[in-house]
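What follows is a single chain, given as structure tokens, in the form predicted on its own.
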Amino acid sequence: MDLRSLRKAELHVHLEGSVAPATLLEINPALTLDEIGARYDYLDFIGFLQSYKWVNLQLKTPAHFALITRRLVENLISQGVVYAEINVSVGVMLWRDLDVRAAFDAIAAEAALSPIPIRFIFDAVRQFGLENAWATARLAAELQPRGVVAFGLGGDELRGPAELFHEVFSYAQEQGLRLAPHAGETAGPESVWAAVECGASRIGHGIRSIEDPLLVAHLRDHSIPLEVCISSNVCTGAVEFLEEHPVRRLYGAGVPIVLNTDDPPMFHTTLLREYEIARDAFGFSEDELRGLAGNSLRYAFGPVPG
């Protein structure tokens, strides 16, 4: 099967986490590939967050954000992606006191040149607190006409349970945004339940749902998909070994699954590679892979080309 020819979407990829080492050298020629490689090497989830923070600190101007958007879109198209929703770390931009509107103007202008539809999810950072989340949600609501379709919540689950942000989620929904928080990545099924109770339309990661049969049944019966990022979960230590990943068990239990990359160069993967892993490591058949690709289109927040 030619995985490239599958009509598929990428629904969980972080713009700032998509920056390849060669692109970082374009942005900051003072860096070296060895230095970048060392920064893209970490031992656990907290180490990854520090690496992600370091990459973000290299991005200083609207032109930088335009460049990484262009490179990401080019990469997605080369893999046969026909639609994408890109997570933008607005919460980090706010923490850095960047001009979010100027940065997003550059991002949206670059995306408008794409031959495939590009939409955006504005991510708050849970450990940065409520004020950060409120500001992110208000910007997401304001910039919907520029392609923002959802409000997300990322970062350290243990330091920012979803229930603390219930009012922010409600506001975002009232403004017409969909909700796509991260949950059940490094925290247990209670984190996924909290996200569901806040109105989540999709769950970023959600792999620890497998620990709660009632939650698995709820996700299945209410058709709430999990944005599964296999390589990411192994690299951050969310699962210790590849063969322990619950993607096959979740799929077998009827939970809707969408394959994604999260932060592809930081996790040494591509979207095609994630489909290959599903096939080679977890025995997904050609029909099942077509079903996974179909899910990526079915559960998109924006209109997908026919």
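Fair warning: this is a prediction, and the values are worked out from it, not measured in the lab. Numbering starts at 1 and follows the sequence shown.
The same protein also has a form predicted together with a small molecule, omitted here; what follows describes it.
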* Select, from the options 108 to 116, 73 to 81, 213 to 221, 177 to 185, the stretch whose residues sit within 4.5 angstroms of the small molecule in the predicted complex by heavy atom distance. => 177 to 185
* **G160 within 4.5 Å of the small molecule in the predicted complex, heavy atoms** => no
* Is D263 one of the residues lying within 4.5 Å of the small molecule in the predicted complex, judged by heavy atom distances? -> yes
* **F65, heavy atom within 4.5 angstroms of the small molecule in the predicted complex** => no
* State yes or no: in the predicted complex, is some non-hydrogen atom of G91 no more than 4.5 angstroms from a non-hydrogen atom of the small molecule? => no
